[in-house]
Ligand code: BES
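Below you'll find only one chain, the form predicted alone, shown as structure tokens.
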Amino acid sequence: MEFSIKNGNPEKQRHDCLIVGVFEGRKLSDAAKNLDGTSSKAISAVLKSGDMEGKLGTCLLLHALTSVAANRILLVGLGKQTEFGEKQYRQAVRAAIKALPKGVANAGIFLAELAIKKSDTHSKVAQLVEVAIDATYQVNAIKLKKAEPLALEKIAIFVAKTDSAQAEAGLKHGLAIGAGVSLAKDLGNLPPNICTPTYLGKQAKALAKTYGFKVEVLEKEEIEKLGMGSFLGVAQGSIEPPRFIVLQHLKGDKKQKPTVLVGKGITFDTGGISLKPGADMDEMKYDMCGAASVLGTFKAIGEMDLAINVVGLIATCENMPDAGAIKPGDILTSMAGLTIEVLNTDAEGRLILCDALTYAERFEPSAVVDIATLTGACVIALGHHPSGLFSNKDALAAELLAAGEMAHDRAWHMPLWEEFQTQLDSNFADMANIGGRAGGSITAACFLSRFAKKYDWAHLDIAGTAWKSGKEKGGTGRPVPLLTTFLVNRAAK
């Protein structure tokens, strides 16, 4: 789909459809007023008939208005004008894009001109593009009968001429994040017999070729030489070989210490010997969404050519119940030399991440953020709206929280208190890999924190936000918007 920035009066635009807003109380936006005046109050007449009140997200399609060049006008409800903010704006954009008739190939949208407190044209255009890309995303994966192709090919975003430069910058930003989110969705939605560790390695190499990243994809023998015994312990139950991916985007000052993103890449999680229940186990193909979000974020910053140094680390394998798989009671030796008693093989994400966190030390990072579909306990604690955020540095946590608010991809700061650490005590090793049912997402983060003592570190538990179940089953692409905004803010400093 092609986006463009345009200026001009709405009545003169020859589009298949124009989108304009109406606030509650049938109060017209400026663009709608313009069309209303040109068409001899045709919009006012329809509203007075009671067909639309302006309730947020409602839509009404009008045809062939007098003296209006566009074939159709789509009115979208904006809700109460006194309450209109970025959240309502995004809802209105999504509703309008979804409501466009199937025959519309090119649309003009007059919503980025709306006044929103603490939001400029750059932000409004970027959000509009992100939402439009998300709203038109199609899951085709490997269907023989593909979804019907979208007729919508072009969207023109209208802004005041004086705001054109801001709008163009916002367009580039929104397209980059939209592309990154779409990649993360695509990877998550693929079946696990296709999206294997080897496949993720190939995707990383393809990104590197496109955007000029440095890339290494380490195979089993190289991983063994590094001493990643914890990671390899998880991988040993599968015939699919593990991969350790290292991506480097080095566009900042040579003296700048990199920000490191670490992604959990379990391409399928049966739970291993501690086998999961069969119901909904197919959704465990999404256990690599942390890895997908790192690749999606790299695509976004590659599109932006962001002036910052970023390293992406992805530990990827399957967790299977083969005869050679690790068992409850086994003890693994991590890359850091710490021993781990495996009490539950379904707590495998932390076992691969801990070695990746140790590997991150060699980059002398300014900060490390790991992203993982780590615990069902986080879903119980926070539901499906925010990601869980844990950190050993409050300033880093504040950066990520602020980025999440800006990106409308929110996280919630969870405790990482020393009192929880004792739940990981083991009689036979330096630590156990689980700490019991109480505070499960916290003890998982406590486990990871033991391997992240040499730098500022944060952990995002995205088990509740990385995908949706039910009728809308599919990857969400989160937290690519949060991570990209976090890096954009760091680059700006």
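In case it trips you up, residue 1 is the first one in the sequence shown, and so on. Because the structure is predicted, anything quoted here is derived from the model rather than measured.
Note that the form predicted together with the named molecule isn't included here; everything after this is about it.
A.B. asks: Among the candidate residues 267, 373, 230, 297, which is the single one with a non-hydrogen atom no more than 4.5 Å from the named molecule in the model of the complex?
C.D. replies: So the residue touching the named molecule in the model of the complex, by this definition, is 373.
A.B. asks: Exactly one of 98, 154, 276, 408 has a non-hydrogen atom within 4.5 Å of the named molecule in the model of the complex; which residue is it?
C.D. replies: Looking at 98, 154, 276, 408 one by one, just 276 meets the 4.5 Å heavy-atom criterion.
A.B. asks: Indicate whether the named molecule has at least one heavy atom within 4.5 Å of a heavy atom of residue 346 in the model of the complex.
C.D. replies: Contact check for residue 346: yes, within 4.5 Å of the named molecule in the model of the complex.
A.B. asks: Flag residue 65 as yes or no: does it have a non-hydrogen atom within 4.5 angstroms of any non-hydrogen atom of the named molecule in the model of the complex?
C.D. replies: No, residue 65 is distant from the partner.
A.B. asks: Even though the partner isn't displayed, in the model of the complex is residue 463 close enough to the named molecule, meaning a heavy atom within 4.5 Å?
C.D. replies: Although the named molecule is absent here, residue 463 would touch it in the model of the complex, with heavy atoms inside 4.5 Å.
A.B. asks: Since only the chain is shown here, I'm wondering whether residue 284 would be in contact with the named molecule in the model of the complex (any heavy atom pair within 4.5 Å).
C.D. replies: Yes - in the model of the complex, heavy atoms of residue 284 and the named molecule come within 4.5 Å of each other.
A.B. asks: Residues in which of 390 to 398, 243 to 251, 348 to 356, 176 to 184 have heavy atoms within 4.5 Å of the named molecule in the model of the complex?
C.D. replies: Of the stretches listed, the one contacting the partner is 348 to 356.
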